[in-house]
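Before any questions on how it binds or moves, here is one chain, the form predicted on its own, in structure tokens.
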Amino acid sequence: MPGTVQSIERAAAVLRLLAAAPDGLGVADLGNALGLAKTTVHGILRTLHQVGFVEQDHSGAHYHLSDAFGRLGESYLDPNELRSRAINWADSLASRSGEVVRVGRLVEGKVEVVHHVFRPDDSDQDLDVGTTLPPHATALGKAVLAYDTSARPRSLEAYTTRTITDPVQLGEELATVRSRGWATEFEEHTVELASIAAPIRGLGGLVVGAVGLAGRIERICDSRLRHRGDLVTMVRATADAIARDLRDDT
């Protein structure tokens, strides 16, 4: 059997020590307790701080567990942060594709739209920010649902005759999403509409949301009703760009 990962063992030990020290601990304190060099401890603390698990006091001399560490079951990324990092890239995707673009994240089993870019034409459109979408019937939802098994909907409501309502079929669909890295939908939520989406990954590869475009079938799909490869490429590149911004700024 493979051995344990020493760096993770050390990080876990640091977290345990901090959990038992309400007033926090300094680098020297942790180094003495664990028999580690200060440079090693500082590297561990820097990484734990980067992922939001520890914080420094005002003096910068002591570290303690962050509030976020106690809420690991919740989304670690604020929706406003996701939106701010996605705005420019989503706007560019809408301009290049000519379609509606949305950025969303999973919240209590639904996909919450945190950013919405109108289709760049003069048609009447309603702003979707703050609304929710069914994860099993939209590409945006599948792109995040595929990486979060705890959020699988218990009941799969049918919105059209094409909506996936069988849990086994949904599981197969999500496995396909994971293997290729992007999701699609064809008249599963709204008749005559199709969509494409890709997951947005934060620190450590954790999927924190998705970006996708949607439009009429004749614009999203080719003559053989396959989702257009150029649009898939655009969506995946946009998701990667947002992910880079998230990692670079944390």
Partner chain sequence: MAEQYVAAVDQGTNSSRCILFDRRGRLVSVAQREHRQLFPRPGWVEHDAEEIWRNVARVVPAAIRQIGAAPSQVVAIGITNQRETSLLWDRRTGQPIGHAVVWQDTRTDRLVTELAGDEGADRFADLCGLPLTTYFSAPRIKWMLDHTPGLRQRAERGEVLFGTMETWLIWNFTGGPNGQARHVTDVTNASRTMLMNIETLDWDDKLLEAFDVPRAILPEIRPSSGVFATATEVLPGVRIGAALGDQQAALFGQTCFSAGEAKCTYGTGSFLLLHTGQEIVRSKHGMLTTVAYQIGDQPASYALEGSMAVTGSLVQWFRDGLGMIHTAAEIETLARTVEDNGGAYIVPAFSGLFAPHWRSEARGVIAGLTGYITKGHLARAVLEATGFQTLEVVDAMNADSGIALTALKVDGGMTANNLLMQFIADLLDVRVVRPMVTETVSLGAAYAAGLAVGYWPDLEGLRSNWHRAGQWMPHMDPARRATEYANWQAAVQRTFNWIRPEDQDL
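Predicted model, so just to flag it, every value in this text is computed and none were measured. In this text, the rigid core denotes the largest set of C-alpha atoms whose superposition between the two forms falls within 1.5 Å. Positions refer to the first chain, counted from 1.
A second form of this protein, the form predicted in complex with the partner chain, is not displayed here; the remarks below concern that form.
Student: Residue 162: heavy atom within 4.5 Å of the partner chain in the predicted complex?
Tutor: Result no; residue 162 lies far from the partner chain in the predicted complex.
Student: Considering non-hydrogen atoms and a 4.5 Å limit, does the partner chain approach residue 58 in the predicted complex?
Tutor: Yes, residue 58 is a contact residue.
Student: I'd like to know whether residue 83 contacts the partner chain in the predicted complex, with contact meaning heavy atoms within 4.5 angstroms.
Tutor: Yes, residue 83 sits close enough to the partner chain in the predicted complex that at least one of its heavy atoms falls within 4.5 Å.
Student: Does residue 133 reach the partner chain in the predicted complex, with heavy atoms at most 4.5 Å apart?
Tutor: Flag for residue 133 set to no.
Student: So in the predicted complex, are 96, 124 and 127 all sitting within 4.5 Å of the partner chain, heavy atoms only?
Tutor: Yes, all three are in contact.
Student: Where does the partner chain sit in the predicted complex: which of 112-120, 154-162, 174-182, 138-146, heavy atoms within 4.5 Å?
Tutor: Contact-bearing stretch, as computed: 112-120.
Student: For residue 49, does the CA position differ by 2 Å or more between this form and the one not shown when the superposition is done on the rigid core?
Tutor: Where the cores coincide, residue 49 still shows a C-alpha shift between this form and the one not shown that is 2 Å or more.
Student: Residue 64: CA shift of at least 2 Å between this form and the one not shown after core fit?
Tutor: The answer is yes; the displacement is at least 2 Å.
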